[in-house]
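One chain is shown next in structure tokens, namely the form predicted alone.
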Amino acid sequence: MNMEPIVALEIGTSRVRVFVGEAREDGGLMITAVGDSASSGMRKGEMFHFDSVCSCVETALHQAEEAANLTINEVYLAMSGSQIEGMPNRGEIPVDGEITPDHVEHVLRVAREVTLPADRQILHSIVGQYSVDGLAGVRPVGMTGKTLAADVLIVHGLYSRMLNLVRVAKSQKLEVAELLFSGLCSAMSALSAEQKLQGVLLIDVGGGTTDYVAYAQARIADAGVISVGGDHVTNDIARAFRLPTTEAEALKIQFGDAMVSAAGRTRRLALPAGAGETPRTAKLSDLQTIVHLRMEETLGLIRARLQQQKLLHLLGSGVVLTGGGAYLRNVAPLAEKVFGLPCEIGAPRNVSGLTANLAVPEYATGVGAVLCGYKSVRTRAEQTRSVWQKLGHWFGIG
């Protein structure tokens, strides 16, 4: 199938990235170019300075266009932010007989009919599982029963926040093909079918937010955003040691640790000092404690949410960490301690021809957004082909 390149735009708190993907002859997908710019004008996944964000997008876009040797006109836009929420919902209809595709369409319409405040917009409506007369996890078409139920996860956000990011794209003469939740994009690229089947929690730790997506019994059971990310750890260090954020970030990268070590109680670190300032030192364990407490709190908020939803015991494959925050030393052992589950660092895996510099945790969202776009294009093409086949059958063509 001939297909135009698929382009994803990721506007994050720390970085703005553009990913270009192209279909291979074997039906796979390959990332052929990446544009990357430091982000400015974003805080906790939310835009506070329109022109600054536009400038960052322009830089990343120009890099990707030059690397891919093409003009980009359309993007799949990945977004996060504390305003994004996941809401499980169930629809149920009487059938009293054989279940047909029309019944399935009907029950999905009922499940997706949710009442949201006027200022909120649905981003995704994800089908979880069907139940017939209380028997869950079935493929209902052809079965008989009295009631058919469908569980869906509604992912929604503030319309104004979404519109502002769309306006950024349009300022660069880009059309937005779809708006995508960043957490779902990361899950699309970093999780295997086996992990989803066994149940798994993906946590993407970004600069200003932490996204999470939980799979239980091969379905997306919950998703959401915690408005805390790696930048908050940096700010905690800056306040505790009275440092500029740039120096606090460097200290975090070089010595930060999500677990407090015994050696850290005796080792001291030289703190950056300005001109004319008295040299200062701090215990390594103090730095480790600051990092540990913030990360433990963030992961604990997700654990509390999943415990409330009664999902923790369904996560047989444990926890997968992606995003720039996955580089934090010993963050995986901390996650294992918080959730009581095995944890691994994840990276994009479901794309052909990934080079070592692309198969990294911080690219999970962008690569996943390209995959989402690829899936959408293929689905639309298959639907169009199906319509033409039906028309051909009706009119005796072919």
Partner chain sequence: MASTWDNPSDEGGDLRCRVLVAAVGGGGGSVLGHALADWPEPPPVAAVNTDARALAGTGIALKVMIGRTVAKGMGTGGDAELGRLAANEDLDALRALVTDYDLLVLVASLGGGTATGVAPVLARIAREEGLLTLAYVTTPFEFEGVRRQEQAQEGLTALKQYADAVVVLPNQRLHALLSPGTPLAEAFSFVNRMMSAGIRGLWTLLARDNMLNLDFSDLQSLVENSGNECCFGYGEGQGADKATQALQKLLAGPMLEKGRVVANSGAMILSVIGGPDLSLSELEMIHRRFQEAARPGARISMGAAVMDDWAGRLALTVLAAEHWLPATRGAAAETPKPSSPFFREPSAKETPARRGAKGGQQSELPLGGAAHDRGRFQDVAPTIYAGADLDIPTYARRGIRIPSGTS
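Everything numeric in this text was worked out from a predicted model, so none of it was measured. Residue numbers count along the first chain shown, from 1.
Omitted here: the form predicted in complex with the partner chain. The next part is about that form.
- Partner proximity in the predicted complex, defined as non-hydrogen atoms within 4.5 angstroms of the partner chain, places exactly one of 220 to 228, 100 to 108, 85 to 93, 171 to 179 at the interface: 220 to 228.
- Residue contact with the partner chain in the predicted complex: residue 304 places a heavy atom within 4.5 Å of it.
- Among residues of the shown chain, residue 294 is one whose heavy atoms approach the partner chain to within 4.5 Å in the predicted complex.
- Contact between residue 281 and the partner chain in the predicted complex is found at the 4.5 Å heavy atom cutoff.
- Using a 4.5 angstroms limit between non-hydrogen atoms, residue 241 touches the partner chain in the predicted complex.
- The single contact residue among 272, 300, 137, 316, judged by any heavy atom lying within 4.5 Å of the partner chain in the predicted complex, is 300.
- Listed residues 198, 235, 309, 144 were compared with the partner chain in the predicted complex; 235 is the one with a heavy atom within 4.5 Å.
- If you check the partner chain in the predicted complex, you find no heavy atom from any of 15, 37 and 78 within 4.5 Å.
- The partner is not shown here, but in the predicted complex the stretch 33 to 54 reaches within 4.5 angstroms of the partner chain through a heavy atom at 43, 44, 48.
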